[in-house]
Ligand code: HEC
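In structure tokens, the next block holds one chain alone, the form predicted alone.
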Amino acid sequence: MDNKPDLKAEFDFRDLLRKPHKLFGYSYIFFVLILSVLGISYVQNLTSIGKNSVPPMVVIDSSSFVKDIPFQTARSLPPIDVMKVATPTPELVDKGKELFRTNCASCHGDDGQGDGPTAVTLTPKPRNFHLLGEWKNGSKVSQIFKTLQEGIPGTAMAAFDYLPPLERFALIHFVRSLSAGHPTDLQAELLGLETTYQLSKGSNSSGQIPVKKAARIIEAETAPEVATVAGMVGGLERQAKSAGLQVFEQVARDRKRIFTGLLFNGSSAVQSVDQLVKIVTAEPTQLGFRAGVVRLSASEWTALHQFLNELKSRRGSL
């Protein structure tokens, strides 16, 4: 019997070197095996988040994350020395941190990273104070004070002029402490701050009550008028809907809040489109709007403004 090996059953490496395309058949099998192993490993290491087994959290009303303002009686604010309070101290920074959590965290986040619960609805996005970057009005003490005094038009940054000057300086020092490299003020710039706002003369501060309590009082006082306006809207809805009514139905979450906040008590929010945009986008959920109101186009804002003015004029003619 012939015991010679079957050469046809063995690899002819010389032949493979001459004809490398024959290797593809073997490499394909190897490639499939590798992909199978990687796929099994990937599936076995998926987390509950990767498998989408954790339902997403939907923030219904971002106002629930914000502390209400405290009750405060009317008082006279003592004068302050700008040159003194412009220098940070540990006490001022700690006070500023407390004020930041109460007044700024809903947009900028508790740690100032621009990730507050309402940040996702805002354009432009709130600043991340841990990044130096470019500031709209600059990041000197005098420049941030101007921002807190006047706000930034066209953004959700509202004025914080209701805070006493000393508290605003504390807030400034905390914000500046979150990143290094801020420019320092010249003496002339700080003196200019005093000249503009007369901080060394002191001022009188009005009393304040918590927003929720004030809202309850206003709601009780305006209940008959709210019912009247609601009846008007109901009548309009039974007719051919205007563009403004369609926008209103799309963005209104709490009609009573909208009527109370924008149509009663001498509100001037509907006197111009720009003023309406500024007020509503600053705190949409507080005023009774859906968060998506910030994404309205210019034409939709105009239509909404016309509709609210129509309601106000109809109410005035009753």
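Numbers for residues come from their place in the sequence shown, where the first is 1. Owing to the predicted nature of the structure, the values given are computational and were not obtained by experimental measurement.
The same protein also has a form predicted in complex with heme C, omitted here; what follows describes it.
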Practice task
Report yes if any heavy atom of Cys107 sits within 4.5 Å of a heavy atom of heme C in the model of the complex; otherwise report no.
Solution key: yes
Practice task
Look up in the model of the complex whether Lys136 has a non-hydrogen atom within 4.5 angstroms of heme C, and give yes or no.
Solution key: yes
Exercise for the section: Answer yes if any heavy atom of Ser142 is within 4.5 Å of a heavy atom of heme C in the model of the complex; otherwise answer no. Expected result: no
Problem - Contact test in the model of the complex: Pro126 vs heme C, heavy atoms, 4.5 Å - result: yes
Completion exercise
Among Ile209, Val93, Ala243, Leu122, just one has a heavy atom within 4.5 Å of heme C in the model of the complex, namely Leu122
Problem - The unique member of Leu199, Ala86, Val247, Ala156 whose heavy atoms fall within 4.5 Å of heme C in the model of the complex - result: Ala156
Practice task
Decide if the three candidate residues Val251, Thr302 and Phe307 all line heme C in the model of the complex, where lining means a heavy atom within 4.5 Å.
Solution key: no
Exercise for the section: Tell me the stretch among 147 to 155, 190 to 198, 177 to 185, 78 to 86 that has any heavy atom within 4.5 angstroms of heme C in the model of the complex. Expected result: 147 to 155
